[in-house]
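Only one chain is shown below, in structure tokens, and it's the form predicted alone.
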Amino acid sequence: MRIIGEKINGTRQRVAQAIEERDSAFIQDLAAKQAEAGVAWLDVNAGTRQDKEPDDLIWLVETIQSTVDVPLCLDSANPQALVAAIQVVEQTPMINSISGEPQRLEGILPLVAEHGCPTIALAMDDAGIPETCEERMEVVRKLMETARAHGVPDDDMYIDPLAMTLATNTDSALITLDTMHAIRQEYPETHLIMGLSNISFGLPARSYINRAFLILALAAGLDSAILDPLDRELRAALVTARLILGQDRHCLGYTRAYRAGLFNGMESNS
């Protein structure tokens, strides 16, 4: 299971303030804590207006790289910002994201192919997010066809079936899970990824929803997720679910997590 740390995102008020004030210590602390939690990538999203974004993304990349040695996930729909950031990134980054929207696909996919980057592909197009599994699969098929035509290997494609909030549609989770099963059947070499917390947006006690959905998504083939790696209870649910699903050979991940103290305070028997 590959985790992308979500916390360095300019849409968060405190992160936006740090970017504006060039508060490197705050960003470096966020990067270090997520790296210590064992993320595979750090998501880096400046979230600033288009003309400022290239400089802000460069600053974030250089600030983070001065502190940790973790691959970065460059999160932007702005090709100019991505081009600028790629010039200073030290390890091949992940690109977040392409979609079926022609402007984004044409602007970003060539960068993905040129630099050999893994990329997140959203199951949506210029008409928005499809309401059904079948409609989302139509978008996924077009994305895969175009990516293959550009020479992007299936193994570099991280497909996001798009988990939408249950608050507006109680079938949202089922639609997402059905789409995951369909992607896994048609494109077994691709990866499945999602922004986990979207499913609970607008509802109370969101952590319970996120944990339950994570377990179901793992059973449907999820192998990557954008989430808060500092949420100990979510990480504990992840480790435990992988054990139950037979994804943790010899129970090594579970026992290592236990010895590292991940479950401390969550249960009474040692």
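Residues carry their position along the shown sequence, with the first being 1. Note that the structure is predicted; figures quoted are calculated from it, not measured.
The same protein has a further form, the form predicted in complex with a small molecule, not shown here; the description that follows concerns it.
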Which of 8-16, 244-252, 257-265, 21-29 sits within 4.5 Å of the small molecule in the predicted bound form, heavy atom basis: 8-16
I'd like to know whether Thr179 contacts the small molecule in the predicted bound form, with contact meaning heavy atoms within 4.5 angstroms. no
Does the 4.5 Å heavy atom contact test between Pro118 and the small molecule in the predicted bound form come out positive? no
When the contact criterion is heavy atoms within 4.5 Å, does Leu122 count as touching the small molecule in the predicted bound form? yes
With the partner left out of view, is Arg206 within 4.5 angstroms of the small molecule in the predicted bound form by any non-hydrogen atom? yes
Exactly one of Asn198, Ser99, Ser172, Asn78 has a non-hydrogen atom within 4.5 Å of the small molecule in the predicted bound form; which residue is it? Asn198
